[in-house]
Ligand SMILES: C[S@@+](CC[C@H](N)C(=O)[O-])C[C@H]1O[C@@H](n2cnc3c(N)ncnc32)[C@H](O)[C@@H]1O
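Next up: just one chain, as structure tokens, the form predicted on its own.
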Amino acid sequence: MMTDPSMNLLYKRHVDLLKNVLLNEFGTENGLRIAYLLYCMDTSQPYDLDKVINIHRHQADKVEALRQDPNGQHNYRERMFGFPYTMIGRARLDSLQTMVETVLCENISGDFLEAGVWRGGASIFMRAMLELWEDSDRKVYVADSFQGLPPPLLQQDENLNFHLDPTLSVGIDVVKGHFARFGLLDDRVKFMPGWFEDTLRASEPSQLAILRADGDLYKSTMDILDALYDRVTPGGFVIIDDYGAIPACRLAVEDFRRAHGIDQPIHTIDWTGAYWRA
């Protein structure tokens, strides 16, 4: 039987440090620095070097706002330009930890898959958790176009022009490099590059204990659920990252659940994340 390390103090400190790094909680001020420099470029103003060095004094209110927003609901520009490994925020990362630990403690069979990974942070976290639990069997599947989001094609996604945001496009080599930085790029990390409608119907993985859907759009969310929901093991977790923030994503989830007679309760995590157990 696998040993549960979660009560070990060193384990707790390791996991908390990992979250701090993935969320860029140690470098929030750097996002403000870059945002300030970009503002100077956009407005053709000379930058003030003292503001760059001592941004914590010049923008103390924004520094505090970032610290008071651990779940990432506000301050989008400043958070993005801090270049965290994940945008999911503290509450969703804490919830993901609980789900991984539950799966391992209850021995729920199946691999882990994240569809829509951005810079890879949540997938890196799941792979790191498997390492800490000395689970040598499960794999982490990393599914993404690695070229940003597609343009809206359905009426439900009208005006959702995420494809125009260059910060959402992160290449596969960059994401692989992030896994390598954490010493976690190995043959148990399986990349699935391409649009979800083309890639997710592959025969692997055959079973999933955790399915994390971060597709933003109605179509992308529906593509994920259509292709993979039947592979989620009973007792496994289905996580919807944009359930609260993007009405089109929420509608896709509601339409899918209604069409498939899914009545397991949906639990909210924070201002946008939600999940249910299969």
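It should be emphasised that the depicted structure is a prediction, and the values quoted were computed from it without experimental measurement. From 1 onward, residues are counted along the sequence shown.
Below: the form predicted together with the named molecule, not depicted.
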In the predicted complex, the residue from L149, I172, L130, L184 with a non-hydrogen atom within 4.5 Å of the named molecule is L149
As a check of understanding, the residue in N75, S145, Q97, N71 with any heavy atom within 4.5 Å of the named molecule in the predicted complex should be identified as S145
* Is the gap between F196 and the named molecule in the predicted complex 4.5 Å or less for some heavy atom pair? -> yes
TODO: Tell me, yes or no, whether G116 is in contact with the named molecule in the predicted complex, where a contact means a heavy atom of each within 4.5 Å.
DONE: yes
Quick one: does I88 come within 4.5 Å of the named molecule in the predicted complex, counting heavy atoms only? yes
Closest heavy atom of V140 to the named molecule in the predicted complex, within 4.5 Å or not?
no
Of the candidate stretches 212-220, 231-239, 35-43, 56-64, the one with residues having heavy atoms within 4.5 Å of the named molecule in the predicted complex is 212-220
